[in-house]
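First comes one chain, alone, set out as structure tokens in the form predicted alone.
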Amino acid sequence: MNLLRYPLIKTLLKNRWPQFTIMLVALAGFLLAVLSGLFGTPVGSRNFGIVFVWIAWWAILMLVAVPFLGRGWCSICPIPAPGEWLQRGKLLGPGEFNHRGHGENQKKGSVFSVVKPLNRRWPKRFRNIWLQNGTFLLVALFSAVILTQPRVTAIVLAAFLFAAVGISLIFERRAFCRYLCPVGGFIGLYSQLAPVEVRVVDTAVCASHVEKTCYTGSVNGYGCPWDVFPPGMVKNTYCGTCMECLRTCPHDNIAINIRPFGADLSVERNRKLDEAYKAFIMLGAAAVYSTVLLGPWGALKLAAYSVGGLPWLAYAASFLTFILLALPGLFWLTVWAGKKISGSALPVKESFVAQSYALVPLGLAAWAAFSLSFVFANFSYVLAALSDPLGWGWDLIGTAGVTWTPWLAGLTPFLQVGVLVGGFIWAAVTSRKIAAEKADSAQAVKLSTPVIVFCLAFTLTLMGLLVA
């Protein structure tokens, strides 16, 4: 179902003001989080930066935005906004100042007329998500202190902003978002599960359109900021849902479709090893976070917090070994076992990459269950932080005195079990479908059975860590 058949939705999405307004609000919240981290209370549970970034925003992202809207957050994310405004030379869209079109309407004397972006192409050898995998791992190694110390959170958020601005002034389009942003990496991976997609209606119309304004831009909008050619798009992974293609297509050939959940997992085209490793990184990180942050092992928790010391170095080495070697290695043996049992002629590497996509729903379920373990328990802190964002004794909306009250404490374990079981079933069905692409039904069962056992073992382990 194409949502653009409804005039109101189409008008709202084509108009820049709703998106721009939400982005401005998000940017204000982002800057407040940085300021509160630098100058506010060091008590994490009372600090706006900690509460709103790692409780409120994280809950919305993992439990609502990513599962249902895919990269919807990327369309209003404040981090690339300042750099993009400088890169484009304007705040809104082409024609904003003098209707002369793309890149030609800087006001004289403004900051836009002084800053001259280089607009270089991103290096071809790095046009993948390996660097993005690395930035996520880098953040993950320091997650124990980032999640609990306001000043560290502020420094990390500010680093993201400065990096995004710097990259925008050197490279064209949203290179930071596409190739470096650690948040964008896992949103892109899990956006394949979302029931919303941006696609062209008829590729034949695109083939006959010489200008290709959806990619190059026009007086109505910019060329795709994510460096994606819409007619060739078959997955959500790299589409930032920015709606520029909707604004620039002169033939009304862009659709915003509602589709079945997880439709992209059945797309054989463009399955790649870097995306496969992203699935392992995210799945492994969910398990490590559940163990370290929620488990009863004090020594492990202390090691994660002792950044720079020998215990932390041992923790970091174990973390990287588990995620980059042990988990993929075990999965490789699982896929190899399926090949031996089934007698399949499919190369192990090809099957390994393809079957890793079955871990995408399992990983999202793991992160959702992990998030449920602390979101409801700590969400009451949001009310106090709203009234006193810096912890300076303010009471802006009369809720500063609200005491900590866990929500849905008795229901949370049941929700976690339901989410994990649902993720396992989804992973099992996906594995079977992927195996059936290159094998008959009997062989597909044998190919996928070891992978399903792997997913079951991982699910039971997470249940033991989160629920038991």
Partner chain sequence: MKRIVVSWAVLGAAALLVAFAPFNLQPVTSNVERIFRVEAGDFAYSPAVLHVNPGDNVTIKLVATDVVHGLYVDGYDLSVIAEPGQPAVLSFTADRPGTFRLRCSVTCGALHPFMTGKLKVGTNLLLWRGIGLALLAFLGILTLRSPGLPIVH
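Given the structure is predicted, the values throughout are model-derived calculations rather than measurements. Residue numbers count along the first chain shown, from 1.
Beyond what is shown, the protein has a form predicted in complex with the partner chain; the following relates to that form.
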query: Contact at Ser373, Phe424 and Ala444 by the partner chain in the predicted bound form, all three, heavy atom at most 4.5 Å; finding: yes
query: Residue stretch of 147 to 155, 387 to 395, 209 to 217, 239 to 247 approaching the partner chain in the predicted bound form, non-hydrogen atom distance within 4.5 Å; finding: 147 to 155
query: The single option of Phe322, Phe352, Tyr305, Trp122 touching the partner chain in the predicted bound form, heavy atom within 4.5 Å; finding: Tyr305
query: 4.5 Å heavy atom contact, Val64 and the partner chain in the predicted bound form; finding: no
query: is_contact(Phe136, the partner chain) in the predicted bound form, heavy atom dist at most 4.5 Å; finding: no
query: Contact flag, Gly295 vs the partner chain in the predicted bound form, heavy atom cut 4.5 Å; finding: yes
query: Exercise: Ala377 in contact with the partner chain in the predicted bound form, heavy atom 4.5 Å; finding: yes
query: The partner chain in the predicted bound form - contacting residues of 396 to 422, heavy atom within 4.5 Å; finding: Trp404, Pro406, Ala409, Pro413, Phe414, Val417, Val421
